[in-house]
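One chain comes next, on its own, written as structure tokens: the form predicted alone.
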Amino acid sequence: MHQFIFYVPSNKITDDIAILEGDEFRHCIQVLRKKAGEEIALFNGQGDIYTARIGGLTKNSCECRITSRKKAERQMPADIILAVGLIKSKALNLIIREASALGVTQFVPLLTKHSVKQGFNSERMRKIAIESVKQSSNFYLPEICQPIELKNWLDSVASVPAKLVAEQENSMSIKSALNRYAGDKKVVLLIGPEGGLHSEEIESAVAKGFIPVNIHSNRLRTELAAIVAVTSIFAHFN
């Protein structure tokens, strides 16, 4: 039987009390009709899972008393920072959903020469990530960053040794590239938007220590390339 679990951010958990609010509260109380005294499962997006009993109810929240807790095992054996040139919302949603299920640590939308110029709804992306980790039983939410210029982002990850950039014309595989960083458990992965990264942008990445890799022999859409690449990294560390 499927067990529903509800997300409560860590700042809403104090000692043995968790406050359920927003969409998670509405799903629990208004949709599923859970009542005071009933037992429910909670998680905080950092691997902590709680059993709690619903207590006081208000119109917009409920207080839950935690009765037990455990730590979920992280399935992804490495920290993966996934940076993707900003693309259309539908494709972006897919990347967030699948990357969250696979266990990516951080997602960064990049402003590049070929990026789709559009708004970025971080709240919606976070909701997609929450639903994905619940469905996949990952229980570790990725950090979802605001869009940033490629140049500034390259500077921010300069100290990370293992850095890969997708480049269709390159012959090196992800496995071969990561073999150079035996022991490193943090990987930065850069993938361009639909139009790809401009040659100057790839040169800038390589100058910052990125290794160009060929994700697949076929030319893949950005969202599929991201998923295939993350899966390849997962397989390498396992």
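Model, not experiment: these values are computed from the prediction. Position 1 is the first residue in the sequence shown; the rest follow in order.
Omitted here: the form predicted together with another copy of the chain. The next part is about that form.
Checked against another copy of the chain in the model of the complex, the residues 27, 53, 175, 198 give one hit for a heavy atom within 4.5 Å, which is 175. The chain is drawn here without another copy of the chain; in the model of the complex, the stretch among 145 to 153, 159 to 167, 68 to 76, 119 to 127 whose residues come within 4.5 Å of it by any heavy atom is 68 to 76.
Using a 4.5 angstroms limit between non-hydrogen atoms, residue 89 is distant from another copy of the chain in the model of the complex. Interface residue remark: residue 227 is counted as part of the site for another copy of the chain in the model of the complex, having a heavy atom within 4.5 Å.
In the model of the complex, another copy of the chain lies farther than 4.5 Å from every heavy atom of residue 141. In the model of the complex, residue 102 approaches another copy of the chain with a heavy atom inside 4.5 Å. Along 132 to 149, residues 134, 135, 136, 137, 138 each place a heavy atom within 4.5 Å of another copy of the chain in the model of the complex.
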